[in-house]
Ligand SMILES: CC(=O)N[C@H]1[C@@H](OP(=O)(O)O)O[C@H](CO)[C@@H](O)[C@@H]1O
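There is one chain below, alone, in structure tokens, taken in the form predicted on its own.
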């Protein structure tokens, strides 16, 4: 380990010597830990990181002034749709997706490096329960969807297939996630096929370009964003592991979407048959000012433009058919070929530009007292997973219905959107629709039939509580076997045991 003198010299070179101001007060253990942490920071890279963070934060926010002339919607030939395509086309896409899955060529990759701070919890979001009757967590729902798709693909092609699950964690989430999976027996997945790896961490920086001490013996560090995926793939030799397993296609998604389909054979089949090396699922924006990035073209190149960079005038433009011209909302759900990921990690990762996130960062003041700031005081630099879209040779987008595939969990129930309550309602309402389509009928407390398609209220749970285990049906498939022509009272919890009992 380097001496204090050596570390101090390195920090002087980086302009960050203040990080050692409490070193003389520390006991041997914390002192050694701080020196080891500081020794790992390359001086030139640290200096440049802090400079870029302060400079980026100082730039004015708001719409880009020259964007209007450079912006275009994606060409129609680059866009597929789950709702507007004919049944035969959808069947062909699904068949191709299942075919690739059955050949063990498909993996899923979960972006799970963030904590549940905005939810008001200290543990990873994947461990969160939104209040379903089954009390399943996000991790369990996703694990069971993987198991079900393996089963469906195996049944179609009379083979045993495996879908490796790669989980990108961070310093904050790796240990609790690994412990959680072990305590739950990996949700009956083979532990060898659940591969957890860690993304890099970057120092949080003040507005004047100084790295922040969160304790006397520790720098304030933050994950480098979901775009840290590409460095993490290199650092942890993940692409080599994929190659060894024969994986050719990767379905990447974010942990907090309770409705995520993974892996989605229709999306995968669409991308494969289009010869895409990179793809994105999108939903139609709910309204012009909705705070979601827009998948579009800038200077003829596909990319995601953040909502804050688009002026209200552009956001409200309508296309020839009357809908929003820039309507393709990004939902952090992507397709990549392994070859494309290899190209990005070899050639393009250094070109990705970090984005500024202004946050409240706890710190120690000059007297060594811990301060929890009441308003944002620091900068965390993040890369975004979608920043690689411009490097694709054949980029495609795939439109899906929001009510079927997108309900993110971001905020505590005190918020007005993207809360545990909205996520729970979205899943229960989806399962209710599936049950009705499968021919189920529901009775109220007095035994009277509920309307076949009752209106679903904007607040509160659906009029019928219906939860369907992913192990029974992942996409609403095969439910007629258990539900057609039957009457149920709420709640209906269709797990594997109930399904066996209902099987004719």
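Numbering follows the first chain given and starts at 1. Just so it is clear, the model here is predicted, and its values are computed rather than measured.
Only in words, not in the display: the form predicted together with the named molecule, which the text now covers.
This chain is displayed without the named molecule, yet in the predicted bound form the stretch 305-313 from 155-163, 421-429, 305-313, 267-275 comes within 4.5 Å of it by heavy atoms. Three-residue candidate spot 116, 168 and 173; no residue lies within 4.5 angstroms of the named molecule in the predicted bound form by any non-hydrogen atom. Proximity of residue 330 to the named molecule in the predicted bound form: non-hydrogen atoms within 4.5 Å are present. The named molecule in the predicted bound form is approached by residue 406, whose closest heavy atom lies within 4.5 angstroms of it.
The named molecule in the predicted bound form is approached by residue 385, whose closest heavy atom lies within 4.5 angstroms of it. In the predicted bound form, none of the heavy atoms of residue 433 sits within 4.5 Å of a heavy atom of the named molecule. Put simply, of 216, 91, 359, 410 only one has a heavy atom within 4.5 Å of the named molecule in the predicted bound form, and it is 410.
When you look in the predicted bound form, the only residue of 220, 247, 132, 292 with a non-hydrogen atom within 4.5 Å of the named molecule is 292. Shown here without the named molecule, the chain has only 226 in 197-235 lying with a heavy atom within 4.5 Å of that partner in the predicted bound form.
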